[in-house]
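Given next, in structure tokens, is a single chain: the form predicted on its own.
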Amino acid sequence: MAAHNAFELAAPRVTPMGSAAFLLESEGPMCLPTQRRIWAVGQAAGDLKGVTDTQPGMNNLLVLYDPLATEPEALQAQLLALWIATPDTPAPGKLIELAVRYGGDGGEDLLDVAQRKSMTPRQVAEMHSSAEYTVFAPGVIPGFGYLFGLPEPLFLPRRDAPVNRPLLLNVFIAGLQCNVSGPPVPGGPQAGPTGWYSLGQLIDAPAPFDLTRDPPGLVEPGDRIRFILDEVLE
């Protein structure tokens, strides 16, 4: 588990986000038991009067509500009480295995990460693929999500300045998280700026989001991901 840092809260808090939403932030470090509580509170909060939607984040929960259908101050207190009363609730998510080609196109930062960590590119790939990751929250692309479970020796702060990387279903790491970038959209950009480090590219992976599939998203919060080492291009 990551060491305590200045961004961890000593106690949970609920703060307004505009005039029709609250952000519930958990205390302590990011961890699976806390995230399970966030998912459970999100489900329970959906039954509160005036709540229109809930969206889990990393160590937080966004709760949207109709200000004409509820008293905001009362709802704010309800959310905090709900957090305190809700236990860690296990979520039996499905396991998905995704093959990765480390390095090469889509893995431009593998050598950089290896050098920063005094490892070989293969050692980085083997360590990264040895872990099981849990989908903590929806990601920046439809159908995928932010992953928790990165081995601590691979923790790296985000870059100070973003770099451009191709959109090739890349596997990225930054901080204590892992993520997968979206595929290029026809007629859209083929690359994009990121502060994360690209380790490799998914091979023969299903589309993250497909309206002909039920459900259309490949993963949901609580699902587990294992990356299978296909090859390492050094």
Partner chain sequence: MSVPFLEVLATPPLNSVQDLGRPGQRRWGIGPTGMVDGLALQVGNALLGNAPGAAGLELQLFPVRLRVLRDGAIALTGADCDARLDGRPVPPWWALPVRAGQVLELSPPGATRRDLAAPALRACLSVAGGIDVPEVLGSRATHVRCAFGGLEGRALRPGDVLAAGAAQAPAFRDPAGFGALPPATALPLGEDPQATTVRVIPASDYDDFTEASHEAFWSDPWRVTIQSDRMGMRLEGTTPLKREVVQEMRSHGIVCGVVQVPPGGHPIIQLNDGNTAGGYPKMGVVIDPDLWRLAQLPPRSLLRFQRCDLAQARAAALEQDSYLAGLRRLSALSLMTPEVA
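Since the model is a prediction, treat every value here as computed from it, not as a measurement. Positions refer to the first chain, counted from 1.
There is also a form predicted together with its partner chain; it is not shown, and the following applies to it.
- Every member of the trio Ala20, Asn60 and Gln177 reaches its partner chain in the predicted bound form with some non-hydrogen atom inside 4.5 Å.
- Using a 4.5 Å cutoff between non-hydrogen atoms, Pro29 counts as a contact of its partner chain in the predicted bound form.
- In the predicted bound form, its partner chain sits within 4.5 Å of a heavy atom belonging to Ile141.
- Its partner chain is not shown here, and in the predicted bound form it never comes within 4.5 Å of any heavy atom of Gln190.
- Using a 4.5 angstroms threshold between heavy atoms, Arg224 stays clear of its partner chain in the predicted bound form.
- Contact with its partner chain in the predicted bound form, judged as any non-hydrogen atom within 4.5 angstroms, is confined among 126-134, 105-113, 82-90, 69-77 to 69-77.
- Residues are counted as partner-facing when one of their heavy atoms sits within 4.5 Å of its partner chain in the predicted bound form; in 197-232 these are Phe209, Leu211, Pro215, Pro216, Gly217, Val219, Glu220, in sequence order.
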